[in-house]
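The chain below stands alone and is given as structure tokens, in the form predicted on its own.
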């Protein structure tokens, strides 16, 4: 598809917006950009490089929540992992869903489960948790209270009340 290696194309198109880039395997590139550049990087990877967004993941780290958008270029069989960090304490980055619709639900999930605010998201409503679930508690963060939340009680793993569908 490209006249030169994809990693070189990314370096040309994104220039000094790249904080780090590596290609540890033949068909996988890891690209790290600052949160303020995430929309531009996603736009270039999605539109200019004719990729598709497969999914996105979030990881709670000491510095904030690391967001990774996983793009795939079908024609070249190349996976591009676009990474950024929503820094603590605010956990705010620009919304990629503002660039293309495919990221809307994924960002809503990350907002709800990790507490990340996606600036410019077209539909920031809740998606997964019950309406009465506490607004300031995020179940996928490391600081999530595991035992008891006001009005909610967790079952121990060996509880006879747990759903035993895995035992069938």
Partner chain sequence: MKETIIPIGPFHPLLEEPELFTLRVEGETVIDVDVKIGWNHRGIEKLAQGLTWDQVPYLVERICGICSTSHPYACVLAMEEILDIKAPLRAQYIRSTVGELERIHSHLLWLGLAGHFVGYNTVFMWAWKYREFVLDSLEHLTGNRNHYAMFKAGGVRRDFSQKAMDFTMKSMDGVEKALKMFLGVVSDDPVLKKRLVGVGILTYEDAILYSATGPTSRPSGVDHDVRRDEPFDAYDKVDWDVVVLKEGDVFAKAACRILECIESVKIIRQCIENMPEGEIDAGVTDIPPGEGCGHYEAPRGEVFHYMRSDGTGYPIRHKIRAPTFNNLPTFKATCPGAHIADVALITAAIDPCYCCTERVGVVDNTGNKSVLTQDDLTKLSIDRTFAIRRDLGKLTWDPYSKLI
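Because the structure is predicted, anything quoted here is derived from the model rather than measured. Positions refer to the first chain, counted from 1.
There is another form of this protein, the form predicted together with the partner chain, and it is not shown here; the text below is about that form.
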Which one, 49, 111, 53, 33, lies within 4.5 Å of the partner chain in the predicted complex by heavy atoms? 53
4.5 Å heavy atom contact, residue 58 and the partner chain in the predicted complex: yes
At 4.5 Å between heavy atoms, is residue 62 in contact with the partner chain in the predicted complex? no
My question is simply whether residue 136 lines the interface with the partner chain in the predicted complex - judged by any non-hydrogen atom within 4.5 Å. no
Is residue 44 one of the residues lying within 4.5 Å of the partner chain in the predicted complex, judged by heavy atom distances? no
Contacts with the partner chain in the predicted complex, stretch 65 to 88 (heavy atom within 4.5 Å): 66, 68, 70, 72, 74, 77, 79, 81, 83
